[in-house]
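Consider the single chain below, provided in structure tokens and representing the form predicted alone.
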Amino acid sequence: MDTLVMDKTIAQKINDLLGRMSLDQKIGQMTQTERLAITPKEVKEYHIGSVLSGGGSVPGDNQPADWIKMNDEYWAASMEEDEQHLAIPIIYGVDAIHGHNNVLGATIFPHNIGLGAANDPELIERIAKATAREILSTGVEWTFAPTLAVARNNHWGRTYESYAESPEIVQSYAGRFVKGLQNSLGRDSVVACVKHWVGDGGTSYGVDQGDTEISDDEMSEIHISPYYPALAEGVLTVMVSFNSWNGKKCHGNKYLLTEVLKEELEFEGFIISDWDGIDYIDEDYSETVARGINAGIDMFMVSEKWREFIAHAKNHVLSGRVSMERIDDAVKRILYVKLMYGLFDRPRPAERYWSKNPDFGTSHNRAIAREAVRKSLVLLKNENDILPLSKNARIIVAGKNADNRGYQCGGFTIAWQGITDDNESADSDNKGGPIIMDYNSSSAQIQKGSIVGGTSIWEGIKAVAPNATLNLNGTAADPNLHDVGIVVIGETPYAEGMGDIRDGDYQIEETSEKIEGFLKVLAPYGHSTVLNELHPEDLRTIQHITDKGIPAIVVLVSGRTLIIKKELELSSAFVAAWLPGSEGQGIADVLFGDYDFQGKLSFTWQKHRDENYIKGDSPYEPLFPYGYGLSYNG
């Protein structure tokens, strides 16, 4: 373990603490649970090392002050020292993956798929810095970001969390994002967590949490390589992936966790499981605990049954199934991260600099997000140079995604599965909302809410085009009143497995047969990547305009490339806007020519539903190749 701790002062502090800790205190540090499952009193009683918020799990009215108060109470409990308790500060974790996206009023940046199209590492670092300050403004210290997945099949429901289908762009972003978040571990820093280790984007059929069936060389070249710059930048935590590699669960894979990550790549921080990630290793929960610890996981994200986890972990040590050396390794790593981050020396959350001087949802941060929107847009078609539009044109704006900030932000925004904005205009004929599923439930329900701050795409257009009118279903189109239509179409929010596109149950059955343990199966988003089959209302809306002889500019809001043959044929111009986040004004900036299109595809755009071309394939005959993107200036 001498190679782990290089700083002698840090090493001395770790050894001093470890020498005073009981087994209960050590296992407590290895435990992270969800805020709804534990009280501050229990944090002290069980020596808990970390608490987190699951998607949509928020304190009070979900304002920064509510978050500060909550974390301050947990921190205070963890710092109450007596004969049975050591003062070891809690570290609070959130999924701030495209801004501090759980909190009302946060700046919501484009999801990763759009940022990949921007191909701008310097912008990525600025986004990370702005996100860090907004996290700190809520009294929180740790985000489970960035995601370094290399998505290889757009059927995967997490495709939008990936920057690109090829590792080069992901590699160029990884270190810069970590640098922006951890920021020399000073006052303006948070702890970063790269995820998901490893191969999450390579599963067969794009099945979420499925099996990545590839060789060692492919795993290294495609999926491990983006982690190198993040590790070189000193990332402090790594999250394990739900997927299996050639049948073996990553959560129980000692080779990947210990031999490759800790030993070969010399990772010095700690490894955290994903949400109840060990549960799918084996039917026997006691067995899963032992295998997870022995594989090399250091901290365990346990949503509810944290008492069971603690009891099983302790029994395994007492019985000899898990060695004290393995426990000490895990606790040393956790203490190392907390000490390197300076958590012991920082004031309580309520007294920290950014808690008193909030940098939250500010015009500065929103300007960065708006810039990211502009740079992420990809122009796929521009017939007769219809774009850029005149700001004086008579425009009908239509489509269910035109005036819904929830839709344009996508999943992992306010709620786990995202939200449909309460402010949706009343004349829409497309009232369906996104499906929201509670973490601890297999049932689904529709959830509505609001994105506080920012602009919808319609609001951005209206701000610069005084003759624009909104009619979501497009039936009010009139060639005597309208010169052109802007139709904003696409997907509604989803996250993780509920975003999967699955052609049939055989894909789940085949995957389940190949893996050890269990596959967590959620209801998919749909059964086809053909847009007019997923959302037939979009095609109808376009037709309501083009049937009147009015040219249509189509803007697609989506978390992946889709089969768009019919929509593309009807359009005079076609723009891939991905999931742009809260600053819809950035789209108007480009449509009306204040800025040129810069985005280039970081994912191959398939022509037919049964294709899965990837850059480097031979033959390679997609609709639009990797790197494609038009501009006004050639």
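The structure presented is a predicted model; accordingly, all values stated were derived computationally and were not measured. Residue numbers run from 1 along the displayed sequence.
Just so it is clear, the following notes concern the form predicted in complex with a small molecule, a form of the same protein that is not shown.
Only one of the listed residues (Lys338, Lys195, Arg374, Lys332) places a non-hydrogen atom within 4.5 angstroms of the small molecule in the predicted complex, and that residue is Lys195. In terms of contact with the small molecule in the predicted complex, the residue from Met70, Leu52, Ala37, Leu570 that brings a heavy atom within 4.5 Å is Leu52. Residues Met239, Phe242 and Glu496 are all found to lie within 4.5 Å of the small molecule in the predicted complex, as judged by heavy atom distances. In the predicted complex, at least one heavy atom of Asp95 sits within 4.5 Å of a heavy atom of the small molecule. Trp306 falls outside the set of residues with a heavy atom inside 4.5 Å of the small molecule in the predicted complex. Proximity of Ile113 to the small molecule in the predicted complex falls outside the 4.5 Å heavy atom cutoff. Within this chain, Asp274 lines the site of the small molecule in the predicted complex, having a heavy atom no more than 4.5 Å away.
Looking at 602-610, 562-570, 576-584, 52-60, the stretch with residues near the small molecule in the predicted complex, meaning non-hydrogen atoms within 4.5 angstroms, turns out to be 52-60.
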